[in-house]
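Presented below, as structure tokens, is a lone chain in the form predicted on its own.
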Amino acid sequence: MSDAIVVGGGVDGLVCAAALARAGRQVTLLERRSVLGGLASRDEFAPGCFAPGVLHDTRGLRDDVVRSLQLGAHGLRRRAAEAPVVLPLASDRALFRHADDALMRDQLLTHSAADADAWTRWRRTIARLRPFVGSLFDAPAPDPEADTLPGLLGLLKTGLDLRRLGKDAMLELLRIAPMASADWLKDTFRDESLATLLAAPALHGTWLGPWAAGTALALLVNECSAGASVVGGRAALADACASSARVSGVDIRLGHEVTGLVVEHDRVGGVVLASGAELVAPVVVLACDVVRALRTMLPRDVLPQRLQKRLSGWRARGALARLDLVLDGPLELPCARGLDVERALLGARCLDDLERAADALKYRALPERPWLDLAVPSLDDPSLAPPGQTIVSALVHGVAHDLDGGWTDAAREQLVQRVVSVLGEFAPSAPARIRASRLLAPPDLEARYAIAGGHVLHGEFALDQVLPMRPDPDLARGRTPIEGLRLCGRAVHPGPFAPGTSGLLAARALGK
């Protein structure tokens, strides 16, 4: 018998299991697939060619997770310098998003001199707000109904941290949060290509375009959470977490699908496997798509009806696809002036291009000209591809899970053709050098990773689905009405912008 069972072998599940084991618990981790990592798992999509997880970005990894699991001793390395994101403007011209503010300012002096000073002011605003936003990532969600001393102290600390911002910064935070990112950026910068480059990454996991209210909050969180990324991407992060879990003594069992939870007298007693077997434990942590799990794994009427009703309104509508390509030779973007491009934003030169992709979602249609968050992971990790070949991965935005007419072979081929067309517009030599491809449409993501709607964040990031509302005020701190049943993962505070933190907070809460 284990002290705790963790359901789900993604990054949050691995972090939670490792932290519990390091605290002296006997932990069993169950993963339905044959590999660990969940959405961060490395998978072979063509002979000798691998994709290092579904999402590109690892800059939100918190130092607390790295320290607590000693991930550096398990092979994790952070980049000393970030690769710039390239936004092509013409065949021979591009705008680069540098992580170094001085490089950004120098670029803007020649690209849009009026915005150079605006950039400095904007980054100062981000720097002032970063400590407060960071404190929200590193602590359990504020509990507005706290009636215990620790809960009241947590609320007090959040209030004091907010007050320490000072009047001007506090008012700026309250002004920004409900805004549209387009309004915030256009109020700040004159050049729309710069606004587009900044707005696009914050639209991951939403059904919104940059003109929608609340997208400024996602942009602010994205900017405030950005640190040094992980060498090797999300797959390397998952590998380090898995190594820490194994060394800490976690009993990892692959190919074990959990289909139900054992609950008696409002207390969890273990899990039921797809094979019909039961595993007993006084503590179960759901580290998968928790809203989906609560609605499918629990006996009927165990959760209060009001909570069931609220969970039925949780929005997890998949909005992106992923296309992995193998190129014979390097990816060449003439606008990058001979630089090796690791990240690029293609198909969106203005804010309205981003908005039009979101419009396609509303009508359940394929976007006519999708915008792409492009990565070339084999530059960072050459082991992903055979010598002389290059892996190019595109997150394709504006792609609905519930496509009008269904995901037929013709629809899939049409989407691939449109993506390749956008790629060829900026990398003319690329389409003729494609040797293999693999499309993961939202239904494919749903089936492969057991995520409702194929939503890679386990739920949309919106004003009503953040902080104490993620996934519900009664569940945001990982607690449930069932004794011994805890939650962590992307749908639980602090959400998808801080990989592993939700798992670490769940383990710490169980240690109290």
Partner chain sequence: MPLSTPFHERTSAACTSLHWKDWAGYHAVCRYEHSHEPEYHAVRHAAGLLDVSPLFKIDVTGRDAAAFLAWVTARDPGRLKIGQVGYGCWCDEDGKVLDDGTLTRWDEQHFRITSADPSYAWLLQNASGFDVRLVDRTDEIAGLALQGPTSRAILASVVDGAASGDVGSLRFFRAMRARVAGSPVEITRTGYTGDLGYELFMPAKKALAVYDALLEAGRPHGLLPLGLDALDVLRIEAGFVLMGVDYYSARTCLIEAQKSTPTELGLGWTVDLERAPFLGQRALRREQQTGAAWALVGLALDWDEFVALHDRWGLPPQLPAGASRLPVPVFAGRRQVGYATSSTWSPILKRFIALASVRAEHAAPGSVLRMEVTVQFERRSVQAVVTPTPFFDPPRKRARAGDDA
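Predicted model, so just to flag it, every value in this text is computed and none were measured. Positions refer to the first chain, counted from 1.
The same protein also exists as the form predicted together with its partner chain; that form is not shown, yet it is the one meant from here on.
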| item | value |
| --- | --- |
| Every residue of Glu368, Thr408 and Arg412 near its partner chain in the predicted complex, heavy atom within 4.5 Å | no |
| Single option in Pro304, Gly329, Pro382, Pro431 placed near its partner chain in the predicted complex, where near means a heavy atom within 4.5 Å | Pro304 |
| Partner-contacting position among Asp101, Asp340, Asp266, Glu425 - heavy atom within 4.5 Å of its partner chain in the predicted complex | Asp266 |
| Partner-proximal stretch of 270-278, 393-401, 293-301, 249-257 relative to its partner chain in the predicted complex, 4.5 angstroms, heavy atom | 293-301 |
| is_contact(Arg123, its partner chain) in the predicted complex, heavy atom dist at most 4.5 Å | no |
| Partner proximity in the predicted complex: Arg190 to its partner chain, non-hydrogen atom cutoff 4.5 Å | no |
| Lys309: touches its partner chain in the predicted complex, heavy atom cutoff 4.5 angstroms | yes |
